[in-house]
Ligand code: NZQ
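There is one chain below, alone, in structure tokens, taken in the form predicted on its own.
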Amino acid sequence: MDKFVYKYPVHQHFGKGRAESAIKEEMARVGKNVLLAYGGGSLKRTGLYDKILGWLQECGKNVVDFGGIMPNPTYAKVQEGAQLVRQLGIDFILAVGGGSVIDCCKIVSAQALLNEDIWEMQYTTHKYPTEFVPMGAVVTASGTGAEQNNGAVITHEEKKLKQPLVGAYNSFAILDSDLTKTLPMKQVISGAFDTLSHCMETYMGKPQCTNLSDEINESVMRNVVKNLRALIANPDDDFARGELMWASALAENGLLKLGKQTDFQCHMLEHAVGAYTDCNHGQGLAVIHPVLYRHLVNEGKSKLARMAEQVWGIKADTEEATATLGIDALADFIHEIGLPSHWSEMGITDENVLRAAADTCFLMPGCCKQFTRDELFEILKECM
């Protein structure tokens, strides 16, 4: 394994029905003014908003609303939140939702205490924030693992860029599987595939030899496949929901990445397309992954072959054949769970958009093949 330092700050509250007791326990440790951040109308339609608001008020908190955070949070929304925090003297940010809400709040937490623009700070002067407004996360849409780390993906609409920023860690994360029932199954499936993608992106990184982190990763990938199938068969399967939530956490709490340089070229491609189309993240990953991996068979065949054996239970006469059959199994699984396999299924038909995405995409050093932008464009076109 490569050298590493591991420090983990997020306090986990895991389990069905844990939300109320965990929120009340954590609120005893924070200041009076709480920013309650959330996304669209589902939180209110399901009654969860009223429950959380009531729990916060029982704890004596002055609650300020910050709703309307969109599925691909914009930089303008970050600035709106930061202004609220400054103007109203917010002591604590409570993000309730999935990756979009949590990511937005991580950057709000940092921007609120800065006198400079955080995007320019990170991408022009290459400095990172060191002070944050404390925050915690109540997860309703698992899959992104956003509650487990301090990275965020934000869309800068003026620049036409969807890129990572570094923000705050959550002081706690509440993983109550009951809360995922507030979402349509299509969104739950998309989130679970994002977890599988995180695992694969980590697994396929450098070095290509298999270390202990990779062996743990194989178990998580098998778990996601098994429990996603179980949940599709029975949406009321609480055990499967809980397993998928914890798999999402393990994929992004740094454990699987120890001793590795991760890949994440597929994620960067999807982010680039998302900057121009606002497409669903998990669906976009499902479209790209098999096509991208077919372009990696030569350089990444040993790892692709091992993934085929350990995750999909496939072994052929040669390593290359095993790798190829493993990619086929991944593509079949994507079809099985009802996610798209082509851009056209998502309403994306403009090659100019794909060209622009390839030209602005991050080229990831951890990928076993260093792609040119023309090669990335060809991959995106093959996804049509």
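The first residue of the sequence shown is number 1, and the count goes up from there. Note that the structure is predicted; figures quoted are calculated from it, not measured.
One more form of this protein exists, namely the form predicted in complex with 5,6-dihydroxy-NADP; it is left out here, but the text below deals with it.
A.B. asks: So if I measure heavy atom distances to 5,6-dihydroxy-NADP in the model of the complex, which of the stretches 203 to 211, 108 to 116, 305 to 313, 186 to 194 falls within 4.5 Å?
C.D. replies: It is the stretch 186 to 194.
A.B. asks: Indicate whether residue 103 is a 4.5 Å heavy atom neighbour of 5,6-dihydroxy-NADP in the model of the complex.
C.D. replies: Taking the distances in the model of the complex, the answer for residue 103 is yes, it comes within 4.5 Å of 5,6-dihydroxy-NADP.
A.B. asks: Using a 4.5 angstroms cut-off on non-hydrogen atoms, would residue 39 count as touching 5,6-dihydroxy-NADP in the model of the complex?
C.D. replies: Within the cut-off, so yes.
A.B. asks: Contact with 5,6-dihydroxy-NADP in the model of the complex for residue 136, defined as at least one heavy atom pair within 4.5 Å: yes or no?
C.D. replies: Looking in the model of the complex, residue contacts with 5,6-dihydroxy-NADP do not include residue 136, since no heavy atom lies within 4.5 Å.
A.B. asks: With the cut-off set at 4.5 Å between non-hydrogen atoms, does residue 284 touch 5,6-dihydroxy-NADP in the model of the complex?
C.D. replies: Contact check for residue 284: no, nothing within 4.5 Å of 5,6-dihydroxy-NADP in the model of the complex.
A.B. asks: Verify the flagged residues 72, 146 and 149 against 5,6-dihydroxy-NADP in the model of the complex: is each one within 4.5 Å by a non-hydrogen atom?
C.D. replies: Yes, all three are in contact.
A.B. asks: Please identify the residue among 168, 179, 256, 231 with any heavy atom within 4.5 Å of 5,6-dihydroxy-NADP in the model of the complex.
C.D. replies: So the residue touching 5,6-dihydroxy-NADP in the model of the complex, by this definition, is 179.
A.B. asks: Could you work out which of 57, 46, 318, 33 is the residue within 4.5 angstroms of 5,6-dihydroxy-NADP in the model of the complex, going by heavy atoms?
C.D. replies: Contact with 5,6-dihydroxy-NADP in the model of the complex is made by 46 alone.
A.B. asks: For the stretch 261 to 299, which residues lie within 4.5 Å of 5,6-dihydroxy-NADP in the model of the complex by non-hydrogen atom distance?
C.D. replies: Heavy-atom contacts to 5,6-dihydroxy-NADP in the model of the complex: 267, 271, 281.
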